[in-house]
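In the block that follows, a single chain appears as C-alpha coordinates, in the form predicted alone.
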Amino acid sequence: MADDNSKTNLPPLSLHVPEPKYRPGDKVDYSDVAIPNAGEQPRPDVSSEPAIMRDMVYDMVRVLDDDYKAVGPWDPKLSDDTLLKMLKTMAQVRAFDDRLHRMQRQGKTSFYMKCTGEEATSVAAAMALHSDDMCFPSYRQQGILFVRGYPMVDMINQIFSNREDKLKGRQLPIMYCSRDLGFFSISGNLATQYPQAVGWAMASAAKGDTRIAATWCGEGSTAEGDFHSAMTFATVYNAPIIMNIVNNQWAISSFSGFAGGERTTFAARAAGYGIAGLRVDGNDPLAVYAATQWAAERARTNNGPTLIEHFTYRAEAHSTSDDPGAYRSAQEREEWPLGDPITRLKRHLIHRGVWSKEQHEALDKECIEAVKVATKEAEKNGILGHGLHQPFETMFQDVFEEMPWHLKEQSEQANKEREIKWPNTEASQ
(Lines give C-alpha, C1' and ligand atoms only; values in the text may rest on other atoms or scores of the structure.)
Protein backbone atom coordinates (compact mmCIF):
# COMPACT_ATOMS: atom_id res chain seq x y z
CA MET A 1 0.00 0.00 0.00
CA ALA A 2 1.38 3.42 -0.98
CA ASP A 3 2.34 5.88 1.73
CA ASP A 4 -0.23 8.70 2.08
CA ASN A 5 2.66 11.17 1.95
CA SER A 6 3.20 10.23 -1.71
CA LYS A 7 -0.14 11.90 -2.59
CA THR A 8 0.79 15.36 -1.40
CA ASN A 9 1.64 16.57 -4.92
CA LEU A 10 -1.56 15.28 -6.54
CA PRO A 11 -4.16 17.84 -7.61
CA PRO A 12 -7.54 17.58 -5.89
CA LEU A 13 -10.19 15.63 -7.78
CA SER A 14 -12.98 17.60 -9.42
CA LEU A 15 -16.42 16.53 -10.53
CA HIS A 16 -17.52 17.34 -14.08
CA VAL A 17 -21.12 18.48 -14.40
CA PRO A 18 -22.31 18.78 -18.02
CA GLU A 19 -23.43 22.25 -19.02
CA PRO A 20 -25.30 23.14 -22.22
CA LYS A 21 -23.61 25.61 -24.54
CA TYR A 22 -26.59 27.95 -24.70
CA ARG A 23 -28.96 29.20 -22.06
CA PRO A 24 -31.88 31.64 -22.33
CA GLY A 25 -30.67 34.89 -23.87
CA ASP A 26 -27.50 33.41 -25.35
CA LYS A 27 -26.61 33.76 -29.01
CA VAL A 28 -26.57 30.35 -30.71
CA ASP A 29 -23.75 29.17 -32.94
CA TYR A 30 -23.96 25.67 -34.39
CA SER A 31 -20.79 26.00 -36.48
CA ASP A 32 -19.11 23.29 -34.42
CA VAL A 33 -21.77 20.70 -35.33
CA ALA A 34 -20.28 18.48 -38.02
CA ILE A 35 -22.82 18.06 -40.83
CA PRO A 36 -21.34 15.91 -43.62
CA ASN A 37 -22.34 16.42 -47.24
CA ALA A 38 -25.36 14.45 -48.37
CA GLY A 39 -24.62 11.38 -50.46
CA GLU A 40 -21.08 10.82 -49.22
CA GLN A 41 -21.87 8.04 -46.78
CA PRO A 42 -21.27 4.45 -47.96
CA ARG A 43 -24.15 2.00 -47.89
CA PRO A 44 -22.83 -1.38 -46.68
CA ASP A 45 -24.43 -4.68 -47.50
CA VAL A 46 -27.10 -5.68 -44.97
CA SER A 47 -25.03 -8.76 -44.06
CA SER A 48 -21.94 -6.69 -43.17
CA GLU A 49 -20.24 -7.41 -39.86
CA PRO A 50 -20.75 -4.63 -37.31
CA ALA A 51 -17.00 -4.35 -36.81
CA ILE A 52 -16.45 -2.99 -40.31
CA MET A 53 -19.24 -0.41 -39.88
CA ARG A 54 -17.89 1.37 -36.83
CA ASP A 55 -17.09 4.58 -38.68
CA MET A 56 -20.79 4.94 -39.51
CA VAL A 57 -21.72 5.60 -35.89
CA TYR A 58 -19.75 8.86 -36.11
CA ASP A 59 -20.83 9.81 -39.63
CA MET A 60 -24.37 10.81 -40.62
CA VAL A 61 -26.47 9.21 -43.35
CA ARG A 62 -27.94 11.99 -45.51
CA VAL A 63 -29.84 11.87 -48.82
CA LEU A 64 -31.25 15.37 -49.45
CA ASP A 65 -28.55 17.88 -50.37
CA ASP A 66 -28.61 21.66 -50.02
CA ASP A 67 -30.56 21.92 -53.30
CA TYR A 68 -33.14 19.39 -52.04
CA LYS A 69 -32.02 16.74 -54.52
CA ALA A 70 -31.79 13.08 -53.50
CA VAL A 71 -28.19 11.95 -53.91
CA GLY A 72 -25.86 9.10 -53.02
CA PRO A 73 -26.14 5.36 -52.38
CA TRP A 74 -28.69 5.76 -49.59
CA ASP A 75 -31.30 7.31 -51.90
CA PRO A 76 -34.26 4.91 -51.53
CA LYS A 77 -35.56 5.99 -54.96
CA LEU A 78 -39.14 6.21 -53.81
CA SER A 79 -42.01 6.88 -56.17
CA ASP A 80 -43.73 10.26 -56.32
CA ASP A 81 -46.85 8.74 -54.80
CA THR A 82 -44.92 7.34 -51.82
CA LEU A 83 -43.19 10.65 -51.18
CA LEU A 84 -46.45 12.57 -51.44
CA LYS A 85 -48.05 10.21 -48.95
CA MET A 86 -45.10 10.78 -46.63
CA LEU A 87 -45.40 14.56 -46.93
CA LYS A 88 -49.17 14.56 -46.42
CA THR A 89 -48.91 12.30 -43.39
CA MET A 90 -46.30 14.47 -41.73
CA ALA A 91 -48.39 17.57 -42.45
CA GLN A 92 -51.43 15.88 -40.91
CA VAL A 93 -49.48 14.95 -37.79
CA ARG A 94 -48.33 18.53 -37.36
CA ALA A 95 -51.83 19.93 -37.82
CA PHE A 96 -53.12 17.38 -35.30
CA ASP A 97 -50.46 18.38 -32.78
CA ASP A 98 -51.18 22.08 -33.14
CA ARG A 99 -54.91 21.73 -32.55
CA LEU A 100 -54.70 19.23 -29.69
CA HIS A 101 -52.10 21.40 -28.00
CA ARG A 102 -54.65 24.22 -28.09
CA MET A 103 -57.28 21.86 -26.70
CA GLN A 104 -55.08 21.33 -23.64
CA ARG A 105 -54.63 25.07 -23.20
CA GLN A 106 -58.43 25.41 -23.34
CA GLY A 107 -58.82 22.89 -20.52
CA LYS A 108 -60.34 20.14 -22.65
CA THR A 109 -57.61 17.65 -21.72
CA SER A 110 -54.98 17.52 -19.02
CA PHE A 111 -51.85 16.88 -21.03
CA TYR A 112 -50.35 16.82 -24.52
CA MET A 113 -46.98 16.24 -26.23
CA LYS A 114 -46.05 17.51 -29.69
CA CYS A 115 -43.49 16.01 -32.06
CA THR A 116 -42.87 19.17 -34.10
CA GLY A 117 -39.64 18.84 -36.06
CA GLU A 118 -39.41 15.10 -35.39
CA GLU A 119 -42.20 13.86 -37.67
CA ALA A 120 -39.82 12.05 -40.04
CA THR A 121 -38.47 9.81 -37.28
CA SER A 122 -41.86 8.13 -36.94
CA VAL A 123 -43.66 8.69 -40.26
CA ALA A 124 -40.79 7.85 -42.62
CA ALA A 125 -39.63 5.02 -40.39
CA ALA A 126 -43.10 3.45 -40.17
CA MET A 127 -43.52 3.65 -43.93
CA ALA A 128 -40.30 1.65 -44.37
CA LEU A 129 -41.62 -1.19 -42.18
CA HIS A 130 -44.13 -3.88 -43.04
CA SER A 131 -47.62 -3.11 -41.79
CA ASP A 132 -47.56 -6.14 -39.45
CA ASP A 133 -44.17 -5.42 -37.89
CA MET A 134 -44.52 -4.68 -34.19
CA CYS A 135 -43.81 -1.14 -32.97
CA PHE A 136 -42.84 -0.27 -29.40
CA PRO A 137 -42.96 3.54 -29.36
CA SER A 138 -42.09 6.22 -26.89
CA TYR A 139 -44.50 9.13 -26.37
CA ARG A 140 -43.61 11.16 -29.46
CA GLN A 141 -44.26 8.60 -32.22
CA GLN A 142 -47.91 9.37 -32.97
CA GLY A 143 -46.90 9.43 -36.63
CA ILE A 144 -46.84 5.62 -36.65
CA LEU A 145 -50.58 5.52 -35.99
CA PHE A 146 -51.21 8.01 -38.80
CA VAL A 147 -49.21 5.86 -41.23
CA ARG A 148 -51.15 2.75 -40.21
CA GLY A 149 -54.54 4.39 -40.55
CA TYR A 150 -55.65 4.73 -36.96
CA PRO A 151 -58.68 7.10 -36.85
CA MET A 152 -58.00 10.58 -35.51
CA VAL A 153 -61.32 10.49 -33.66
CA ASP A 154 -60.16 7.48 -31.65
CA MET A 155 -56.88 9.23 -30.83
CA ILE A 156 -58.74 12.30 -29.62
CA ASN A 157 -61.19 10.23 -27.57
CA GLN A 158 -58.15 8.79 -25.78
CA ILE A 159 -56.69 12.27 -25.26
CA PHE A 160 -59.99 13.45 -23.77
CA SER A 161 -60.35 10.23 -21.71
CA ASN A 162 -64.04 10.26 -22.57
CA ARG A 163 -66.71 7.57 -22.80
CA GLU A 164 -65.44 6.36 -26.20
CA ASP A 165 -61.80 6.09 -25.10
CA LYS A 166 -60.76 2.60 -26.18
CA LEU A 167 -58.31 2.48 -23.24
CA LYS A 168 -61.16 3.33 -20.84
CA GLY A 169 -59.42 6.28 -19.24
CA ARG A 170 -56.60 4.13 -17.85
CA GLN A 171 -53.77 5.85 -19.65
CA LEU A 172 -52.37 9.37 -19.56
CA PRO A 173 -53.51 11.33 -22.63
CA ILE A 174 -51.40 10.60 -25.78
CA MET A 175 -50.34 7.19 -24.48
CA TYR A 176 -52.14 5.27 -27.19
CA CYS A 177 -52.32 1.56 -27.90
CA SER A 178 -53.58 -0.46 -30.86
CA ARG A 179 -53.11 -4.20 -30.85
CA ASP A 180 -54.64 -4.55 -34.31
CA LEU A 181 -52.11 -2.12 -35.78
CA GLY A 182 -49.09 -3.50 -33.96
CA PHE A 183 -48.69 -0.42 -31.76
CA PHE A 184 -47.65 -1.43 -28.25
CA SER A 185 -49.03 0.49 -25.27
CA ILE A 186 -46.99 3.62 -24.54
CA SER A 187 -45.50 3.93 -21.07
CA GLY A 188 -44.51 7.10 -19.27
CA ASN A 189 -41.70 5.18 -17.57
CA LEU A 190 -38.59 5.75 -19.66
CA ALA A 191 -37.15 2.92 -21.78
CA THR A 192 -39.44 0.15 -20.47
CA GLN A 193 -40.45 -0.50 -24.08
CA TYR A 194 -36.90 -1.45 -25.04
CA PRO A 195 -36.60 -4.82 -23.25
CA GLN A 196 -40.24 -5.53 -24.10
CA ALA A 197 -39.49 -4.96 -27.78
CA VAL A 198 -36.40 -7.16 -27.70
CA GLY A 199 -38.34 -9.89 -25.92
CA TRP A 200 -41.06 -9.72 -28.56
CA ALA A 201 -38.45 -9.93 -31.33
CA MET A 202 -36.79 -12.91 -29.67
CA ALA A 203 -40.17 -14.65 -29.44
CA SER A 204 -40.86 -13.95 -33.11
CA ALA A 205 -37.51 -15.52 -34.02
CA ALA A 206 -38.06 -18.48 -31.70
CA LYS A 207 -41.42 -19.19 -33.36
CA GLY A 208 -39.96 -18.93 -36.86
CA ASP A 209 -42.20 -15.95 -37.66
CA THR A 210 -41.35 -13.33 -40.31
CA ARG A 211 -42.26 -10.20 -38.36
CA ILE A 212 -39.66 -7.94 -36.81
CA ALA A 213 -39.86 -5.36 -34.03
CA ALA A 214 -38.96 -1.69 -33.92
CA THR A 215 -38.69 0.48 -30.85
CA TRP A 216 -38.03 4.16 -30.13
CA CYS A 217 -36.70 6.19 -27.22
CA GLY A 218 -35.22 9.62 -26.65
CA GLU A 219 -31.50 10.13 -26.15
CA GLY A 220 -32.05 10.78 -22.45
CA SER A 221 -33.58 7.33 -22.04
CA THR A 222 -30.33 5.67 -23.11
CA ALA A 223 -29.09 6.39 -19.59
CA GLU A 224 -31.75 4.03 -18.20
CA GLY A 225 -30.83 0.49 -17.17
CA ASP A 226 -33.63 -0.96 -19.32
CA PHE A 227 -31.93 0.40 -22.44
CA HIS A 228 -28.69 -1.43 -21.67
CA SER A 229 -30.42 -4.65 -20.66
CA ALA A 230 -32.23 -4.61 -23.98
CA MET A 231 -28.99 -4.02 -25.87
CA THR A 232 -27.38 -7.00 -24.17
CA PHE A 233 -30.24 -9.36 -24.97
CA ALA A 234 -30.49 -8.06 -28.53
CA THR A 235 -26.85 -8.74 -29.29
CA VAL A 236 -26.61 -12.08 -27.44
CA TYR A 237 -29.69 -13.54 -29.12
CA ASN A 238 -29.35 -11.74 -32.47
CA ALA A 239 -32.86 -10.37 -32.08
CA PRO A 240 -34.62 -9.16 -35.26
CA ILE A 241 -35.16 -5.60 -34.09
CA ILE A 242 -34.52 -1.98 -34.98
CA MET A 243 -33.69 0.18 -31.95
CA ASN A 244 -34.24 3.88 -32.65
CA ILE A 245 -32.75 6.65 -30.54
CA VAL A 246 -34.40 9.99 -31.31
CA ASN A 247 -31.68 12.43 -30.32
CA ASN A 248 -33.63 15.67 -30.20
CA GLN A 249 -30.93 17.34 -28.05
CA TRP A 250 -33.10 17.87 -24.95
CA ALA A 251 -34.93 15.93 -22.28
CA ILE A 252 -37.56 17.87 -20.33
CA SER A 253 -35.02 20.29 -18.88
CA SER A 254 -31.60 18.74 -19.35
CA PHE A 255 -29.54 18.56 -22.50
CA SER A 256 -28.09 15.45 -24.12
CA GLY A 257 -24.81 15.74 -22.21
CA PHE A 258 -26.45 14.24 -19.13
CA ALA A 259 -27.02 11.04 -21.10
CA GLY A 260 -23.44 10.95 -22.39
CA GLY A 261 -23.80 13.10 -25.49
CA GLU A 262 -20.73 15.18 -24.65
CA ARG A 263 -18.43 12.18 -24.97
CA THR A 264 -19.54 10.49 -28.16
CA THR A 265 -22.52 9.91 -30.42
CA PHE A 266 -25.48 7.88 -29.24
CA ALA A 267 -25.05 5.59 -32.23
CA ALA A 268 -21.63 4.67 -30.82
CA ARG A 269 -23.39 2.60 -28.17
CA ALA A 270 -23.94 0.05 -30.91
CA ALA A 271 -20.21 -0.47 -31.38
CA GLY A 272 -19.77 -1.18 -27.69
CA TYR A 273 -22.35 -3.97 -27.87
CA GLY A 274 -21.12 -5.39 -31.16
CA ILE A 275 -24.23 -4.62 -33.20
CA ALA A 276 -24.74 -2.61 -36.37
CA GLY A 277 -25.13 1.12 -35.81
CA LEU A 278 -26.17 4.03 -38.02
CA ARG A 279 -26.29 7.75 -37.34
CA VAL A 280 -28.90 9.46 -39.50
CA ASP A 281 -30.02 12.97 -40.33
CA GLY A 282 -33.33 12.79 -38.49
CA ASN A 283 -34.75 15.78 -40.38
CA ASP A 284 -34.18 14.10 -43.76
CA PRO A 285 -37.23 11.89 -44.36
CA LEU A 286 -35.50 10.01 -47.20
CA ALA A 287 -32.49 9.21 -45.02
CA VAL A 288 -34.74 7.99 -42.20
CA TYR A 289 -36.68 5.80 -44.63
CA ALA A 290 -33.51 4.39 -46.21
CA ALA A 291 -31.84 3.60 -42.89
CA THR A 292 -34.98 1.90 -41.54
CA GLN A 293 -35.42 -0.07 -44.75
CA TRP A 294 -31.78 -1.23 -44.54
CA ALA A 295 -32.10 -2.21 -40.86
CA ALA A 296 -35.41 -4.00 -41.50
CA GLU A 297 -33.89 -6.09 -44.27
CA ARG A 298 -30.96 -6.89 -42.02
CA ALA A 299 -33.28 -8.08 -39.26
CA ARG A 300 -35.52 -10.01 -41.64
CA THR A 301 -32.56 -11.94 -43.07
CA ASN A 302 -31.27 -13.01 -39.65
CA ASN A 303 -28.33 -10.62 -39.69
CA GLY A 304 -29.24 -9.18 -36.32
CA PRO A 305 -30.31 -5.95 -34.65
CA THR A 306 -29.50 -2.39 -35.68
CA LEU A 307 -29.28 0.74 -33.55
CA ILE A 308 -30.20 3.97 -35.36
CA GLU A 309 -29.55 7.42 -33.90
CA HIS A 310 -31.81 10.03 -35.49
CA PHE A 311 -30.02 13.37 -35.10
CA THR A 312 -32.87 15.89 -34.87
CA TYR A 313 -34.20 18.73 -32.74
CA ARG A 314 -37.21 19.15 -30.46
CA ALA A 315 -38.66 22.37 -31.83
CA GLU A 316 -41.36 22.72 -29.17
CA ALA A 317 -41.67 22.17 -25.44
CA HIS A 318 -41.17 18.71 -24.02
CA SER A 319 -44.87 18.68 -23.11
CA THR A 320 -47.61 21.03 -21.99
CA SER A 321 -46.04 20.77 -18.52
CA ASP A 322 -42.78 22.27 -19.74
CA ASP A 323 -41.43 25.75 -20.50
CA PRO A 324 -38.26 25.42 -22.63
CA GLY A 325 -37.76 29.17 -22.43
CA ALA A 326 -36.55 28.59 -18.87
CA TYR A 327 -33.56 26.51 -19.89
CA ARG A 328 -32.64 26.96 -23.56
CA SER A 329 -32.03 29.80 -25.97
CA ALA A 330 -34.98 30.93 -28.07
CA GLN A 331 -32.63 31.04 -31.06
CA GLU A 332 -31.97 27.31 -31.11
CA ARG A 333 -34.99 26.39 -33.20
CA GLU A 334 -34.27 28.99 -35.88
CA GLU A 335 -30.55 28.24 -36.02
CA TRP A 336 -30.84 24.43 -36.11
CA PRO A 337 -28.65 23.48 -39.11
CA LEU A 338 -30.71 20.52 -40.38
CA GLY A 339 -33.88 22.52 -40.98
CA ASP A 340 -37.41 21.17 -40.85
CA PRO A 341 -38.38 17.71 -42.23
CA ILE A 342 -41.66 18.84 -43.79
CA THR A 343 -40.08 21.85 -45.46
CA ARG A 344 -37.22 19.77 -46.83
CA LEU A 345 -39.48 17.11 -48.31
CA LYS A 346 -41.83 19.76 -49.70
CA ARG A 347 -38.96 21.47 -51.51
CA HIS A 348 -37.67 18.12 -52.78
CA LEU A 349 -41.06 17.38 -54.33
CA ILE A 350 -41.26 20.86 -55.83
CA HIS A 351 -37.80 20.25 -57.32
CA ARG A 352 -39.11 16.97 -58.79
CA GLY A 353 -41.95 18.89 -60.40
CA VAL A 354 -44.77 17.01 -58.68
CA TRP A 355 -45.68 19.59 -56.02
CA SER A 356 -46.08 23.33 -55.66
CA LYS A 357 -46.31 26.01 -53.01
CA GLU A 358 -50.01 26.46 -53.80
CA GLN A 359 -50.67 22.74 -53.42
CA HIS A 360 -48.91 22.73 -50.07
CA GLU A 361 -50.97 25.66 -48.82
CA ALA A 362 -54.11 23.77 -49.84
CA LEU A 363 -52.80 20.66 -48.07
CA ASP A 364 -52.26 22.58 -44.83
CA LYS A 365 -55.85 23.87 -44.95
CA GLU A 366 -57.16 20.39 -45.70
CA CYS A 367 -55.22 18.92 -42.75
CA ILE A 368 -56.45 21.63 -40.38
CA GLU A 369 -60.05 21.02 -41.46
CA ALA A 370 -59.71 17.24 -41.04
CA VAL A 371 -58.49 17.65 -37.45
CA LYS A 372 -61.23 20.17 -36.74
CA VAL A 373 -63.91 17.73 -37.91
CA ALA A 374 -62.40 14.86 -35.88
CA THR A 375 -62.13 17.04 -32.78
CA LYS A 376 -65.77 18.14 -32.99
CA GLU A 377 -66.84 14.51 -33.34
CA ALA A 378 -64.76 13.43 -30.32
CA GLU A 379 -66.05 16.31 -28.19
CA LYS A 380 -69.53 14.82 -28.45
CA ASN A 381 -68.22 11.94 -26.34
CA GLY A 382 -66.99 14.24 -23.60
CA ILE A 383 -63.98 16.31 -22.61
CA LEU A 384 -62.07 16.75 -19.37
CA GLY A 385 -64.36 17.47 -16.44
CA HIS A 386 -67.66 17.15 -18.29
CA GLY A 387 -68.64 13.86 -16.71
CA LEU A 388 -68.92 11.75 -19.88
CA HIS A 389 -66.47 9.17 -18.63
CA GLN A 390 -66.14 5.41 -18.75
CA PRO A 391 -68.59 3.43 -16.60
CA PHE A 392 -67.37 3.42 -13.00
CA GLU A 393 -67.03 -0.35 -12.74
CA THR A 394 -64.57 -0.59 -15.65
CA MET A 395 -61.69 0.28 -13.32
CA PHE A 396 -61.97 -3.28 -11.96
CA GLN A 397 -62.26 -5.01 -15.31
CA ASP A 398 -59.85 -6.41 -17.91
CA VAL A 399 -57.17 -7.44 -15.43
CA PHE A 400 -58.23 -11.07 -15.09
CA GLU A 401 -60.21 -13.21 -17.51
CA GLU A 402 -62.61 -13.93 -14.62
CA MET A 403 -62.81 -11.34 -11.86
CA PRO A 404 -61.54 -12.85 -8.56
CA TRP A 405 -63.51 -12.56 -5.33
CA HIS A 406 -61.43 -9.79 -3.77
CA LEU A 407 -61.89 -7.48 -6.79
CA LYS A 408 -65.62 -8.18 -6.73
CA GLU A 409 -65.70 -7.13 -3.07
CA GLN A 410 -63.70 -3.97 -3.81
CA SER A 411 -66.01 -3.12 -6.71
CA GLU A 412 -69.12 -3.52 -4.56
CA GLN A 413 -67.60 -1.43 -1.76
CA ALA A 414 -66.55 1.31 -4.17
CA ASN A 415 -70.02 1.48 -5.68
CA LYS A 416 -71.62 1.76 -2.21
CA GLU A 417 -69.27 4.62 -1.30
CA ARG A 418 -70.03 6.30 -4.60
CA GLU A 419 -73.78 6.13 -3.95
CA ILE A 420 -73.29 7.70 -0.52
CA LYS A 421 -71.02 10.53 -1.71
CA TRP A 422 -72.76 11.25 -5.03
CA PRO A 423 -76.34 9.94 -4.69
CA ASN A 424 -77.58 11.78 -7.80
CA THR A 425 -74.83 10.53 -10.14
CA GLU A 426 -75.40 7.65 -12.51
CA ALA A 427 -73.01 4.78 -11.82
CA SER A 428 -72.48 4.30 -15.53
CA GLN A 429 -70.82 7.69 -15.96
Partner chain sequence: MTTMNMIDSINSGLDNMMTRDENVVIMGEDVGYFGGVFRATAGLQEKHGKTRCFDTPISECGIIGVAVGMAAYGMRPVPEIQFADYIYPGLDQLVSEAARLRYRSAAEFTSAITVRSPFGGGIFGGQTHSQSPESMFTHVCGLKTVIPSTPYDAKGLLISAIEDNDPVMFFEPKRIYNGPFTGYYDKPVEPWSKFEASEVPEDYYKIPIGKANIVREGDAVTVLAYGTMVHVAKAVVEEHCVDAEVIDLRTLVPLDIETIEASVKKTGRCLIIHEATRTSGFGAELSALVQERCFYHLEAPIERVTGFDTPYPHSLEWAYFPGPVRIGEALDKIVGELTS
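Between two forms, the rigid core is defined as the largest C-alpha subset superposing within 1.5 Å. Predicted model only: the values in this text are computed from it and were never measured. Numbering follows the first chain given and starts at 1.
Heads up, the form predicted in complex with the partner chain isn't pictured, but that's what we're talking about next.
Here the marked residues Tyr30, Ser131 and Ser319 all miss the partner chain in the predicted bound form; none has a heavy atom within 4.5 angstroms.
The single contact residue among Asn238, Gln331, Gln293, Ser187, judged by any heavy atom lying within 4.5 Å of the partner chain in the predicted bound form, is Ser187. In terms of contact with the partner chain in the predicted bound form, the residue from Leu338, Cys177, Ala95, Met103 that brings a heavy atom within 4.5 Å is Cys177.
Just one listed stretch, out of 107-115, 348-356, 179-187, 295-303, contacts the partner chain in the predicted bound form at the 4.5 Å heavy atom level, and that stretch is 179-187.
Within 4.5 Å of any heavy atom of the partner chain in the predicted bound form lies no heavy atom of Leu388. When the partner chain is considered in the predicted bound form, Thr232 lines it closely, a heavy atom lying within 4.5 Å. Remark: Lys77 does not count among the residues lining the partner chain in the predicted bound form, judged by a heavy atom distance of 4.5 Å or less. The partner chain in the predicted bound form comes within 4.5 Å of a heavy atom belonging to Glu401. A displacement of 2 angstroms or greater separates the C-alpha positions of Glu401 between the shown form and the other one, with the rigid core held in common.
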